[in-house]
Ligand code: ARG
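Below, in structure tokens: the form predicted alone, a single chain.
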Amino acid sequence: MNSIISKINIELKRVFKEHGYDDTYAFISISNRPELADYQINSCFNIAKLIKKNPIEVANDVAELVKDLKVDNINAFVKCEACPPGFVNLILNDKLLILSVEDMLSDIALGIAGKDILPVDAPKCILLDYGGANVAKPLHVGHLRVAVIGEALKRLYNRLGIKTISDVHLGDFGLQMGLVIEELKDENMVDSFSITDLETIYPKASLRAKGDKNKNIEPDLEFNDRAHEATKKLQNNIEPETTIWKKILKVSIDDLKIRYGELNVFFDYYYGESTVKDIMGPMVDTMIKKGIAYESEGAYVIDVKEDTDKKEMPPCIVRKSDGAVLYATSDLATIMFREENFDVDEYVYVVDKRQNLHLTQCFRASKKAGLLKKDKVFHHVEVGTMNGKDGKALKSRDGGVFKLETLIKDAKDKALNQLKDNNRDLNGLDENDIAKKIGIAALKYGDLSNSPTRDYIFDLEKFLSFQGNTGPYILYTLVRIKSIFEKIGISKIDKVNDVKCDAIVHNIFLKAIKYGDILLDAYKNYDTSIICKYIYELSDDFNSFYHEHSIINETDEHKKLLYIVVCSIVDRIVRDALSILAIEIPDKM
């Protein structure tokens, strides 16, 4: 389905051609002065330069050419005038706006298809690496951001028709596993343990191995040696370490699926470092043989510095002097594994921004080593941190790691208390389920409304507010519209006849037809906060409209039908956007 803007641009090209203008300049852009115009033609400056004419003269000529432009036999503009120094300001005809909104409502995809708006070279398949959970450890608040941002990007790509592959990329190998295995042995728990057991086992094992000077605890060297030995056995598939590890893996993944599921975050694969353990050694050997990796102070490294680098770029170490591998080795082997097993056009890593140097080294090394083609796209979505009100990393009340499970429970409990304090009439619906949806929406929207790269202050009270740019405010807008529909008893929407829109309705419709542009902008910038900003502004405009218009009691049937269309388009767009953001909507609030 061609959008209204596409149709206008097609007609503009025709008119430009007919009058001898270069039709590559025949397009309209969103006005940067919305108080003056809806759209503008800004290309008069380029045309003036070509034909050596004053821009305002060209603007006057172009305005005269397009003032009577028609789309679907309707005059496209009610205002078309040149403005110094060389713009053409345009205000869209309400009739065309209404027709465009009705076309959106008649289509299950709101008239937005990726094939119509994506660049011709857009990837057909994107692999997203996000989550980064560790086996035998609970998820903490640091896992929230990468999980919800990654999931939203995945759903955005799917919404635009791009296939995706998602991998949580578990930390499931290395010394941490040896520590856990030996602690389980010492506590006679190798045959039966739960995720709760594992959550206490790892900190205990880590403390035994490292010790703690502040607590006068000396490292247990014998235990440490046993943990290293267990790790080696695991790496060589020796029993019983391998069987114990598989049990740890199953218990951990089963729990992770539950925890991520609470956030509506789902992965296609739960692969981890262990997936590539058998290919790391041969991969490095091949790099050495080809001269890609060379010896440096006993270790083997790959130079990844480029002439355009403005900061120091250390070489990528792929094998330590003692023969051990590193995270970089694992990440390179993971890239190699993915290239061999998936047909991917682009890789998107949603990872803490503090890992940028590491990932840059890996991306460059992978291309230099020929693990993938040089034109393959890699993008690191650099994720900022969630901080407490003191500006430091968010901690639990006792100063320890803040578990994600605790954070979700706090949000649910506070949402439930709000519902009870406000004496909300839920018509017998499950208040715990509603509180859960509100609480998780507050958490996720509070995070997603910030640009991924930005550090932000976590403020649960603010995020749970029913006012301002918050998840509950967006949800309440939809609940309000649902209530309107129930009271009116809508079964279908008829076509709106010749009704003039007031300023606020015009503005809502104008925002509505820009939804495709918003999705495209979010796609291009790897930033779903753009969608959050848009649905907040649309919701805010709707709530102003709601307070200024008597929708249910309107006696003029033509106006009432127009108002129903306003409700419908806001409802459809916001629901569609929240689906991309993986936020559930309660029936009542």
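Here the structure is a predicted model, which is why all the values come from computation and not from measurement. Residue indices: 1-based, along the sequence shown.
Another form, the form predicted together with arginine (ARG), is not on view; read the next lines as being about it.
Out of the listed residues D129, E183, E241, D447, D129 is the one that sits within 4.5 Å of arginine (ARG) in the predicted bound form by at least one heavy atom. Between the options W245, F87, Y515, Y349, the residue in contact with arginine (ARG) in the predicted bound form by a heavy atom within 4.5 angstroms is Y349. You can rule out all but one of 71-79, 212-220, 226-234, 168-176: in the predicted bound form, only 168-176 has residues with a heavy atom within 4.5 Å of arginine (ARG). R319 falls outside the set of residues with a heavy atom inside 4.5 Å of arginine (ARG) in the predicted bound form. Heavy atoms of Y327 reach within 4.5 Å of arginine (ARG) in the predicted bound form, making it an interface residue. Taking the partner from the other structure, arginine (ARG) in the predicted bound form has no heavy atom within 4.5 Å of any heavy atom of R145. In the predicted bound form, at least one heavy atom of D331 sits within 4.5 Å of a heavy atom of arginine (ARG). Residues of 356-378 that come within 4.5 Å of arginine (ARG) in the predicted bound form, judged by any heavy atom, are H358, L359 in sequence order.
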